[in-house]
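Taking the form predicted alone, here's one chain by itself in structure tokens.
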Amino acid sequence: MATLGPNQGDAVRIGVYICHCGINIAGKVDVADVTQFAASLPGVVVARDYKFMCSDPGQELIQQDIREHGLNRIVVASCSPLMHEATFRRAAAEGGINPFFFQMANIREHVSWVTADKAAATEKSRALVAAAVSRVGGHEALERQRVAVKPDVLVVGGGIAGIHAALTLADSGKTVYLVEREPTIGGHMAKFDKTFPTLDCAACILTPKMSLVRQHPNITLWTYAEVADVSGYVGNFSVTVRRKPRYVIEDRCVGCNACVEACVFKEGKFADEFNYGLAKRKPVYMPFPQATPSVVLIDPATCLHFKTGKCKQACKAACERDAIDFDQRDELVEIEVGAIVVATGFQPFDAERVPEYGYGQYPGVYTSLEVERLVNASGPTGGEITLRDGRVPKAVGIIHCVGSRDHATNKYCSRVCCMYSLKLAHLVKERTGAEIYNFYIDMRTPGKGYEEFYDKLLEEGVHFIRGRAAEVTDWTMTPDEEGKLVIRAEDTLIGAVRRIPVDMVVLSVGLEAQADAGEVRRLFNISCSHEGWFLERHPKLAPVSTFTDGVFLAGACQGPKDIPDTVAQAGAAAAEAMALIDKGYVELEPNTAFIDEERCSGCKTCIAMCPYSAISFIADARVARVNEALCKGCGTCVAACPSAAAQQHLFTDDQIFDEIAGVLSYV
């Protein structure tokens, strides 16, 4: 039998509540037995079980017992505290006791979901309940602190997610700082010609929103800039933004391109990043005609002025507004914001990582994004689909799932590849009349109008071959393969290996997390999944929140998604940020660390260990002190302190020892 811990008084009156969680718990744990056992523990006045304790009737049951039985401690044995600890704390507070006179025992994730034997699961549940009862008597009456919230918001990333989030916040009256590391906003969507399944002109629906961002009085737009440092806490973030030099004064440039025309390089000589190297640009250039802001920039890696110092600076002489400034340097700007929306997007899979498809080896092999630029009227060929040798393709093979659903690269589905492959198949066939072959594993079209778009392609005569393509080769076996690329693939519907000769191969590359996602994760103190995507607080209940309060996720930085889902998530992230700021304050959890200054030796071990920079050294007193507003209650300093001077509310040594004593007394 469990007994009260040595540090607890005799006046505790505990209520214990065991949740069935439908059959999640009751299917493995004998709930009635655990309830009967709980009733026999010292200090327990009432013990009950209920099918769903988190429901309104379950919470009302707790509140009623607090009033009728004079309970001053509550224990709930149910699911993970991550799910419902806040729910039951509110129930305790509404019942009339301090919300931190509550302890939760996790008998779902820790017991029923991982224990096959019912008797063993019941025994383990008994032990965890005994531990919680033994511990809860030593809980302190804690209070949350309120901290005022700064009214401004930072949005990081200027793709469609960042644009939509920024406009939503700005339209609500918030001051928004939008930071984009590329010279223009627009992201990947700015490179598309059409969007599936409606075949809307991407530029027609995106560029008006880009212009709104530039013109909005509540949005400060910083392109060609990066977040260099983030400190502070929810509601009070201090952010340093590094603005890289364009060598052009933005306020003076009107995008007339006179400097581009005057450049000593009469034609483009360097690979155009916006067009994936399919076109050339000069050292001074505009990323694309609808770029926002409509400001040119100078690439110091290719400009003769920076490389040799011998350029005649014809671009500077041609600018009537004297906007060229070769002396620009990095500029650091510090801002304070209450919330941050991270919308840093994705990067396309590098097709060279699948060498059997010949990308980079055969000139007729393109990635899907390169073809997006070829079919675009503002692209390098003016929308004409021609091969690098100038020929119009008569047969095109589109290989799905390049870098997706593959144990050698990425196991996950990138969600958009099937649909954009169908879109490209339609556009290429429409403009060239070519025979189109789609090589797919499974056709995934789970969206509004998506299946209908697939049916439309079937009616257009596009060929679909079910099976992963094995290789792309120029090795020929028959006369009709001469001068062609051959896609060798198994057709699982007919049970045969096929060789399809084509003029052009399109690799439908998947979506990957940005290469610097790890650095960004550390900058904003958020988490990543093992694939590199930023991790949400909860996949169902908090899909745009992170484990760092006040930092929200929007768009494909959180995982692969199409434009409608990206826009929807951006709106949700903006709403969360808006709710935080409109409230005017945040309540800080009191499970923070604290220093017993009489025990503190001033060794400074805890200062170096704290991941939140929440501990400072007070030189006069030669002790460490914790800033409770910065502390997240991770407990690192408590574990590291050699003199046991560092303790943590809700996790003091006495409370942990009482919990252990509860388990041992039962065992």
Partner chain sequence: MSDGTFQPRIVAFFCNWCTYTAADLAGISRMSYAANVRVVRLMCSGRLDPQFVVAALRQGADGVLIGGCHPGDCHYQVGNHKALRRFTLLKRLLGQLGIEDERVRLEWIAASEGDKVQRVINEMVAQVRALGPLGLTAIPRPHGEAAAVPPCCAE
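Under this definition, the rigid core comprises the largest set of C-alpha atoms superposing within 1.5 Å between the forms. Note that the structure is predicted; figures quoted are calculated from it, not measured. Residue numbers count along the first chain shown, from 1.
The same protein also exists as the form predicted together with the partner chain; that form is not shown, yet it is the one meant from here on.
A.B. asks: My question is simply whether residue 612 lines the interface with the partner chain in the model of the complex - judged by any non-hydrogen atom within 4.5 Å.
C.D. replies: The answer is yes: residue 612 has a heavy atom within 4.5 Å of the partner chain.
A.B. asks: Can any non-hydrogen atom of residue 32 be found within 4.5 angstroms of the partner chain in the model of the complex?
C.D. replies: Outside the cut-off, so no.
A.B. asks: Is residue 599 near the partner chain? Define near as a heavy atom within 4.5 Å, in the model of the complex.
C.D. replies: Residue-level check for residue 599: yes, a contact with the partner chain.
A.B. asks: Do residue 205 and the partner chain share at least one heavy atom pair within 4.5 Å in the model of the complex?
C.D. replies: Answer no; every heavy atom of residue 205 is more than 4.5 Å from the partner chain in the model of the complex.
A.B. asks: Pick from 392, 318, 528, 575: which residue has any heavy atom within 4.5 angstroms of the partner chain in the model of the complex?
C.D. replies: Checking each option against the partner chain in the model of the complex, the one that comes within 4.5 Å is 528.
A.B. asks: I need to confirm a contact call. Of 81, 99, 559, 364, which residue comes within 4.5 Å of the partner chain in the model of the complex, counting heavy atoms only?
C.D. replies: It is 81 that has a heavy atom within 4.5 Å of the partner.
A.B. asks: Only one of 308 to 316, 183 to 191, 117 to 125, 252 to 260 has heavy atoms within 4.5 Å of the partner chain in the model of the complex; I'd like to know which.
C.D. replies: It is the stretch 117 to 125.
A.B. asks: Do any residues of 626 to 649 have a non-hydrogen atom within 4.5 angstroms of the partner chain in the model of the complex? If so, which ones, in sequence order?
C.D. replies: The stretch 626 to 649, when checked against the partner chain in the model of the complex, contributes 632, 633, 634, 635, 636, 638, 639, 640, 647, 648 at the 4.5 Å heavy-atom cut-off.
A.B. asks: On a core-based superposition, does residue 631 travel 2 Å or more at its Cα between this form and the one not shown?
C.D. replies: Yes; that C-alpha moves by at least 2 Å between this form and the one not shown.
A.B. asks: Residue 45: with the rigid core matched between this form and the one not shown, does its Cα shift 2 Å or more?
C.D. replies: Residue 45 C-alpha, core-superposed: shift of less than 2 Å.
A.B. asks: Taking the rigid core as the frame, does residue 641 move its C-alpha by 2 Å or more between this form and the one not shown?
C.D. replies: Residue 641 C-alpha, core-superposed: shift of 2 Å or more.
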